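Let's start with one chain on its own, the form predicted on its own, as structure tokens.
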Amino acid sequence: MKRVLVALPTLNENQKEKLRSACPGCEISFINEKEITPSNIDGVEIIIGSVPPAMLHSPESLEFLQVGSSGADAYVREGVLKPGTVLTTCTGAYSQTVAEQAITATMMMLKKMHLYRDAQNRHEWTDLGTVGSLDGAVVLVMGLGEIGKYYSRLAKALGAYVIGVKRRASDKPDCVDEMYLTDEFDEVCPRADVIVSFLPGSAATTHFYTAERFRAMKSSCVFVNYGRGVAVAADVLEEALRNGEIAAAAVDVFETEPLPADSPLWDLENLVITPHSSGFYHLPATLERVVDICAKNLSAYLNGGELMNVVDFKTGYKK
């Protein structure tokens, strides 16, 4: 009999029953992810949820970890999981919530809504002049996973010409007009009116957006980062915004989180900061999708079926 620990946010009874039904005959326990302790993990063969990686160094019994997140960069580091552990993610569950917030942030920057809010806070009736539009804009989407494709569909629906950039060659999806590989980014980035990053965290993506790359962008470009914070160093982003190398940015993720209170980024007028809030469970449908994926993979693992979103430990990406 396998021991299964579910460490997700507080679940309702229907959600719990869905997971129980996926592992008949198993001993299953539920604990809120914020309350997990090392003692909860002892002797457990299967964990459902994104438990702190530091707690996973010792449990030799662990066979299968289904994280509740779409990224697994913290779990593929050497020494976190013992060799042979199966690792899967909830890729796809967060597409709607992250893409919708990212498209909202894009429109907010193009229409200067952040500046109008600032003026409101100062009780100023101020016309801020010229604004941009997604209709006819060239939008470069960096990272064409499920979130990137969802965002691309939204952008195209609003009239954008979408360029997708991805790591591996594949057929071009209908949601983009052109598609390139990552090593071709420098060729296409000067064309973009908006650059939206959904890059995952990995050695290959760390500090991808260099000072040189920001200088190659249009001075009118809007940069939106809803992938991982390691993709751009805080000082590089600050310099690009202060020097007018890009017009504005909306950022949900940072290399150091929480962003330190004394960071100069907080005071930039042309930057909107959100506290890594887009990918959580604020949209109720997200947790439902997470539970669905976890239940399907739990059943597949126990019955020798095909698993979704299996992580390649060498790359940190889905296989």
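From a predicted model like this one, the values you see are computed outputs, not experimental measurements. Residue numbers here begin at 1 and follow the sequence given.
The same protein has a further form, the form predicted together with a further copy of the same chain, not shown here; the description that follows concerns it.
Not displayed here, a further copy of the same chain is approached by G132 to within 4.5 Å at the level of heavy atoms in the predicted bound form. Within this chain, D127 lines the site of a further copy of the same chain in the predicted bound form, having a heavy atom no more than 4.5 Å away. Taking non-hydrogen atoms only, N243 never approaches a further copy of the same chain to within 4.5 angstroms in the predicted bound form. In the predicted bound form, none of the heavy atoms of V86 sits within 4.5 Å of a heavy atom of a further copy of the same chain.
For the options S61, S29, N40, S277, the residue carrying a heavy atom within 4.5 angstroms of a further copy of the same chain in the predicted bound form is S277. Just one of S220, T182, T210, T104 comes within 4.5 Å of a further copy of the same chain in the predicted bound form, counting any heavy atom, and that one is T104. Here the chain stands by itself, but in the predicted bound form one stretch of 74-82, 170-178, 193-201, 92-100, 92-100, has heavy atoms within 4.5 Å of a further copy of the same chain. Residues L144, E187 and K314 are none of them found to lie within 4.5 Å of a further copy of the same chain in the predicted bound form, as judged by heavy atom distances. If you take 155-180 and check each residue for a heavy atom within 4.5 Å of a further copy of the same chain in the predicted bound form, you get A157, L158, in sequence order.
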